[in-house]
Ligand code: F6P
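The chain that follows stands alone, in the form predicted on its own, written as structure tokens.
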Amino acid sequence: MRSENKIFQGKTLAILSGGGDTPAINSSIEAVRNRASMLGYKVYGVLQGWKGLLGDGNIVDLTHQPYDGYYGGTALRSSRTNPFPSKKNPESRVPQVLRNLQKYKIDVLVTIGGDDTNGAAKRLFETEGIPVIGFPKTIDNDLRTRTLHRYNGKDIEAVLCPGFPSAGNAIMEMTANLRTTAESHSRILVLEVMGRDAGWLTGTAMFGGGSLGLIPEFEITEARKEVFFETVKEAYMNSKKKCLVIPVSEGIRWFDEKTGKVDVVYASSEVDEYGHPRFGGVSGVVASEISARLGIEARAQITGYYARSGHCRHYDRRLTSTLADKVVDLLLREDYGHMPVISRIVPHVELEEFNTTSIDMGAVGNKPLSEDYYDINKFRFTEAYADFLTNILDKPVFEEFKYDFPVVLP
């Protein structure tokens, strides 16, 4: 018998995005909205993350509205609001969230975010029974998605989150462009890349011609610092054009001679509602010490928010669409408290629902760069990581000014 109504006719699904922006959030919102509408849901957007469910609420209607998923960032806006008590805000705002979910008659909540945003959603599911589905999002690519990467007959635990492929392409291209100015002045450029606790994004500079690299997973002690300087000197002297681009994660732990301690470099002492301080400036410290120790001119370049910005690239577009297909499966089975993830690393054409699975949102956590992807002794990313990136990033294009001018003798 033909049904006159769609499966979830009369139900309402709301979408919110929290935490740092990425180029793929609008694409994620569009993909989830389209599939939820197809199932019969009325679809709302919650503005400014969890902040949009506080007070009187800040909700917009996304049903039957045009939506540009190629445009980077999030049209729903974002914030680092934590509805649960924290050191910065000891008041629990959960009652406000519950009141607005009821007031706006929201039946299911899809939260696009990282460990913090989805962690808060999971707590609401566990403590209040709110039907939630998480959706992964981070350019740092450090959520434990339990995605496997097959390399040389071995399964390596990797991560694949929407936003990372677009950000990785941006860092790759920026690194490739900076090589020309490094070459012009025979300099070392220390390129600071976002990555609080993990070096996944820093490693994408390898495809743009980055040579050595420093990541948060391995702290730079006093002893390792000396080895690093020797490695830099050797790499510079062996480089044909006497120049290097060295990518470093903003969250690397660097030995400070003045304090005798290994620590991160802070851009600000303030913390957000999840207790995170703001890092920044370590590239200047590293570049200054390279110049002082080795007598080689070095400069710092901070990529900052550049990796977060711009349009959604083609791999991310298909990735968000594929994960949204899995959201349909979770909605149909009412399997709440879970997050869709890619089960194995595949190229663009193999991004299909059969290569997805879902994991419990409470078991997401953070995943550092695998030791298989980084050579701690050489400060270099490995061939295994290059193979991982080959599936995700665009093919690198290296421009080279080929010259071998003859020397004029008087």
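From 1 onward, residues are counted along the sequence shown. In this text the structure is predicted, and so the values were computed from the model without any measurement.
The form predicted together with this ligand exists for this protein as well; it is not shown, and the discussion that follows is about that form.
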| property | result |
| --- | --- |
| 4.5 Å heavy atom contact, D316 to this ligand in the predicted bound form | no |
| Contact test in the predicted bound form: Y305 vs this ligand, heavy atoms, 4.5 Å | yes |
| 4.5 Å heavy atom contact, R196 to this ligand in the predicted bound form | yes |
| Contact of K233 with this ligand in the predicted bound form (heavy atom, 4.5 Å) | no |
| Heavy atom contact within 4.5 Å of this ligand in the predicted bound form, the stretch among 290-298, 135-143, 157-165, 252-260 | 135-143 |
| The single option of R333, R278, H185, K103 touching this ligand in the predicted bound form, heavy atom within 4.5 Å | R278 |
| Proximity to this ligand in the predicted bound form, single hit among R80, R77, H311, R224 (heavy atom within 4.5 Å) | R80 |
